[in-house]
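In structure tokens, one chain follows: the form predicted on its own.
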Amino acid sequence: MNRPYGTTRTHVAARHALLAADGHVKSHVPGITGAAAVILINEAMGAGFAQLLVTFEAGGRAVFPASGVETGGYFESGGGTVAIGRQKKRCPAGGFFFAPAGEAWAIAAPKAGTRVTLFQKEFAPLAGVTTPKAIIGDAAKVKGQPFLGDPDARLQVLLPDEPEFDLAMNIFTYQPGATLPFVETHVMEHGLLMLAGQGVYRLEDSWYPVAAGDAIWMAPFCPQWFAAVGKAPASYLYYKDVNRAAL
């Protein structure tokens, strides 16, 4: 159904945002060619990371040189060949990767229409801990675990929960009617993409209907809660910063 002129579900507040697909505007991002790139979240919003949605044409590419920035990526649809340093692997829909700071990386030979979400942040080294290694994987091979014992809310942890990683990337899947068990309030910042289904997201004191394709930003200590509604499971991909000192 077409929305009335001048209306949108997008809402940007000081410490959270809901970004609906009806407001997407393409940006020219250095290193990305033959693709529509949308910068959904970055420091201009007040965030400490960037979240991009990239939709490739046939023959499109993403090529990034080694830098102090690390990148997590997830193939929402289609597929492409990911190269990180000397690693190289074909990723299908549901494929994911982690390119550590100091490593060049690229996506090549994507299928037309391939959609990839990228999370990028400056790497924060930890004294006495080795730097993280590159990862290219497939979410279909990562078993979902019941979240706090609830089999209807399952969490897939895509990157190792180890001290060298300061970036986490997970997929949360809820059966209809399942919820987060309580309103979370924590130091971790979130970037989120709804992958499937629909639900209601509480952000601070606001409540938002959300559906596949929506993106969400949550600043540190933003109260948050989710409930899956409808007849099909709901799932979302999300980023958070982890494993670093409080000061």
Ligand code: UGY
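Residue numbers here begin at 1 and follow the sequence given. Source: prediction; values computed, not measured.
Below, we refer to the form predicted together with the ligand, which is not included among the displayed structures.
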Might F147 be said to contact the ligand in the predicted complex, defining contact as any heavy atom within 4.5 Å?
yes
May I ask you to check whether W217 falls inside a 4.5 Å heavy atom distance of the ligand in the predicted complex?
no
Look up in the predicted complex whether E204 has a non-hydrogen atom within 4.5 angstroms of the ligand, and give yes or no.
no
Taking the ligand as it sits in the predicted complex, is F172 near enough to touch it, meaning that at least one heavy atom pair lies within 4.5 angstroms?
yes
Site check R154, A227 and S235: each within 4.5 Å of the ligand in the predicted complex by heavy atom:
no
If contact means any heavy atom within 4.5 Å, which of 180 to 188, 205 to 213, 49 to 57, 29 to 37 contacts the ligand in the predicted complex?
180 to 188
